[in-house]
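The chain below stands alone, shown as structure tokens; this is the form predicted alone.
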């Protein structure tokens, strides 16, 4: 299949994390655009840029990538790659693939969105919600000693925050049930 020799990548697509190496320009441009897409999406979720870049480079590759190949394609430290792959495995975003002729583990994206979201909800969001309850209790007990009207304003805001938290906790079982009902 012929490749075009000139592919323009929008400046916003490149993140500066991509390393061109000796791969063709159109492949590097595609990888940069994919990494940029996932870095932008991850920013909304508070996911580290390096984790998003790793997922993006793995997602952009038609073949499973080894640790060394990920390192060669991204300007990220070995430690960040190791930690990022651990996080991505935890949430089920990447799968390990073994190749009989190689010792190195290879990684490929798990593209089942339902599984990815379910794992994210269970492992990340649920943990945050559980710790949030205790933090809200501490916050309500540690209101500063202000004028009565100011203290009441802060108390009212904390009640809103508690209500938001309670609604988010109530939505967790509904979201999990919905994900089980939707087809893959």
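Please read these numbers as outputs of a predicted model, since none were measured by experiment. Positions refer to the first chain, counted from 1.
As for the form predicted together with the DNA, it is not shown, yet the points below apply to it.
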Among 143 to 151, 45 to 53, 125 to 133, 27 to 35, the stretch whose residues bring a heavy atom within 4.5 Å of the DNA in the predicted complex is 45 to 53
Is the DNA in the predicted complex near all of 137, 159 and 166, within 4.5 Å of a heavy atom of each? no
Is there a heavy atom of residue 98 no more than 4.5 Å from a heavy atom of the DNA in the predicted complex? no
Taking the shortest heavy atom distance, is residue 91 within 4.5 Å of the DNA in the predicted complex? no
4.5 angstroms heavy atom contact with the DNA in the predicted complex for residue 82: yes
Residue contact check: residue 76 to the DNA in the predicted complex, 4.5 Å heavy atom: yes
